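Given as structure tokens, the chain that follows is alone and in the form predicted alone.
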Amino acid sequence: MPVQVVILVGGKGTRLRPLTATRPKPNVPIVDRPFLAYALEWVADHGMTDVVLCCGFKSDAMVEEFGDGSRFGVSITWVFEPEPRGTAGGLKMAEEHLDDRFLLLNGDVLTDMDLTAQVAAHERSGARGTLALVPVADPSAYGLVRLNDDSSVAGFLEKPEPDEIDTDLISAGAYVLERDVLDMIPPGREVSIEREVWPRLVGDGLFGFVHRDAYWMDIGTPERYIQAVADVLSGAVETRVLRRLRGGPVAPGAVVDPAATVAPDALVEEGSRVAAGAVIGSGTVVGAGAIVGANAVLERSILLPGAIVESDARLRDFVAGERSRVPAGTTVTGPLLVADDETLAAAGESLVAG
């Protein structure tokens, strides 16, 4: 039987303001589609098409964008939190829609983990819950998960001191759960699954599944958002966008001067214009209807639809909101995000983030 999927998308995405001042985080574009589309397409590619979305902040905009989910190959059931309920409280509100086994996902993550393999491991072990785990280069920055030899969870280590670190595994925000786990969640209040449910399951059916070769990133900061766009364009993470990019980085209907340069791991969208001498570098997206002036240089920069970059600008690690404008000769070294409809600075100004 196909596994149902619950995705938690109730957060406000405050660290991605000003982009999230006018749109919910799941609607923030990554290359050519809203961020949540990646999760929907990911689960659909694993044959999981019955999806419950638990949302709160700016939910009307999410419903308008994603609808019934058919555009992404899934069928969406919407659950609305009256106030923030946390990672377990939001799940509890979806209880009436769930069958015996389901997958719970954190909606802030971009990943290509093998969900099919994780579900199979869950079934083999007879687990009540199986946490997706990924290794990280700097374990000191995360809460860590310790495993026993049989892959059952031995315990959790929060904010470890250097001499305490004996694993590089962290929870990756994807959990296969049996329905009886829902009985451990009190209704009607905010509940953290990490703090109030997992510790009670240690020694009682909680296992881990390690995705050693998978891509995984929480896109909650400007730096990671910009990096995620670059990783999608380069193919560092396996997504459906790669199928589209096989046709080249310049979409039909875009106007790119022959004297401009476009990197192979960039995207110039339909209806946009790139003038002579401009350089569209790696990790850059020129959104629909955006304009790049003569001799402007963009590296790891995202122009949302209708944004304008005037001549001789130099931009790196930069995100321009819809219809925003970067005056001629402006230099930006980010990460820096600019709101929709904003003019960045006076012509010729130099800005360095941080």
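In this text, residue numbers run from 1 along the sequence as written. Since this is a predicted model, take the numbers as computed values, not measurements. Throughout, rigid core stands for the largest set of C-alpha atoms superposing within 1.5 Å between the two forms.
We do not show the form predicted in complex with a small molecule, though everything after this point is about it.
Asker: Can you say which of 116-124, 86-94, 206-214, 275-283 gets within 4.5 Å of the small molecule in the model of the complex, counting heavy atoms only?
Answerer: Only one stretch qualifies here: 86-94.
Asker: Taking any heavy atom pair closer than or equal to 4.5 Å as contact, tell me whether residue 297 reaches the small molecule in the model of the complex.
Answerer: Output for residue 297 is no: heavy atoms all beyond 4.5 Å of the small molecule.
Asker: Classify residue 183 as contacting or not contacting the small molecule in the model of the complex by the rule of any non-hydrogen atom within 4.5 angstroms, answering yes or no.
Answerer: Flag for residue 183 set to no.
Asker: Is residue 111 close enough to the small molecule in the model of the complex to count, meaning some heavy atom within 4.5 Å?
Answerer: It does not: once the small molecule is placed as it appears in the model of the complex, residue 111 has no heavy atom within 4.5 Å of it.
Asker: State yes or no: in the model of the complex, is some non-hydrogen atom of residue 78 no more than 4.5 angstroms from a non-hydrogen atom of the small molecule?
Answerer: No, no contact at 4.5 Å.
Asker: 218, 238, 265, 178: which sits within 4.5 Å of the small molecule in the model of the complex by any heavy atom?
Answerer: If I apply the 4.5 Å criterion carefully, the residue I get is 218.
Asker: For the spot marked by 8, 55 and 143, is every residue within 4.5 Å of the small molecule in the model of the complex through some heavy atom?
Answerer: Yes, the whole candidate spot contacts the small molecule.
Asker: For residue 100, is the CA shift between the shown form and the other one at least 2 Å following rigid-core superposition?
Answerer: Shift at residue 100: below 2 Å after core fit.
Asker: State yes or no: after fitting on the rigid core, is the Cα displacement of residue 158 between the shown form and the other one at least 2 Å?
Answerer: It does, since the residue 158 C-alpha is displaced 2 Å or more between the shown form and the other one after the core fit.
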